[in-house]
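The form predicted on its own is given below as one chain in structure tokens.
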Amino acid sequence: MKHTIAITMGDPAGIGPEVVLKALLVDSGLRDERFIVLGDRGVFQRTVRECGIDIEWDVVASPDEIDASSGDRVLVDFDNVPADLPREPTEQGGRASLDYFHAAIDLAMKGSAHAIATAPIHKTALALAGCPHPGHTEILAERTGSADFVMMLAGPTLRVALVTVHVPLRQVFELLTTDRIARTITVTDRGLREFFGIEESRIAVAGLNPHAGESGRFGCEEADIIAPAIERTLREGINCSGPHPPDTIFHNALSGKFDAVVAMYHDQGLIAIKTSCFETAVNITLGLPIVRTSADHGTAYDIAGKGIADCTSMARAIELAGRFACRRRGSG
């Protein structure tokens, strides 16, 4: 049975259409897959003209039209935006992004797709479209009823899981609790086992403050909140350590001492992963009943339509979605 991956075009005004087209031309090394692309045919045709890339696929107007006779590359044409949409966040682009994504979730929830790979969307466009969530991760959690979910950024040499994600820095201190950190460690350990096949994972937990608090001189969160979470998960049999000083933890992970780092907030983890693995990192949502990966970059309106967008992250997101689907279905 084919592994079916639903791929969303992302914001139609950004580089999503380009990187999706380019990524589908990359040999992932996987076989026996079907790709269902959810997007807009007119936008893709504009991309073909601008970037000089093309692809053959069957085109349908609705996911319901896909059947056994459909090919291995299918475009679901929503026909919901003008091809000349301006290269900026718009309500129309945000609404289209949501249409593609919700359709992909529907396919996955009813078993018609075994994984989702998403091209980038723009948070301002989502807000203009009336979406209360800042991104894919939170929408997926709500749609699937998942309380314990974790955003992981994974590159070839570094994996980082986040305790808090898209919140102002001042709110991080309010959101950090022992329970939340412990859940992040637990979900990360489970994800390393399920998706990466790491049975005896080594998880490093970052501190919050400089020098991990320096025994309380620079903050007490390490002793009061983070260390109890580590102690709890150690008792549950998870091999984790810390709190480690944030300024050295990523160097040690890149040196091979750890399989993943649990970071306390967005930029603490993403600065490290985007410095070390900018083109190759993939966004993975752990703790869901759905396999979901995403390109780890933004819409890049400034270079959209110029044919220079790097598709490496998108191609790797599609590849990992396929591999994770194989593992979850017990065939890889």
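Predicted model, so just to flag it, every value in this text is computed and none were measured. All residue numbers are counted from 1 along the displayed sequence.
Although it is not shown, the form predicted in complex with a further copy of the same chain is what the next lines describe.
Engineer: Let me know the one among Arg190, Arg73, Arg143, His166 whose heavy atoms come within 4.5 Å of a further copy of the same chain in the predicted complex, would you?
Structural biologist: That would be His166.
Engineer: Heavy atom within 4.5 Å of a further copy of the same chain in the predicted complex: which of Asp54, Asp58, Asp267, Glu65 fits that? Just give me the one.
Structural biologist: Selected option: Asp267.
Engineer: So in the predicted complex, does Pro246 come within 4.5 Å of a further copy of the same chain, heavy atom to heavy atom?
Structural biologist: Flag for Pro246 set to yes.
Engineer: Does any part of Arg170 reach within 4.5 Å of a further copy of the same chain in the predicted complex? Heavy atoms only, please.
Structural biologist: Yes, Arg170 lies within 4.5 Å of a further copy of the same chain in the predicted complex.
Engineer: Does at least one non-hydrogen atom of Phe278 fall within 4.5 angstroms of a further copy of the same chain in the predicted complex?
Structural biologist: Flag for Phe278 set to yes.
Engineer: Does Phe250 make contact with a further copy of the same chain in the predicted complex, using a 4.5 Å heavy atom cut-off?
Structural biologist: The answer is yes: Phe250 has a heavy atom within 4.5 Å of a further copy of the same chain.
Engineer: Only one of these stretches, 111-119, 233-241, 73-81, 206-214, has heavy atoms within 4.5 Å of a further copy of the same chain in the predicted complex; which one is it?
Structural biologist: Of the options, only 206-214 has residues within 4.5 Å of the partner.
Engineer: Can you confirm whether Lys123, Pro134 and Ile271, the three residues that make up this candidate site, all sit within 4.5 Å of a further copy of the same chain in the predicted complex, judged by heavy atoms?
Structural biologist: Each of the three qualifies.
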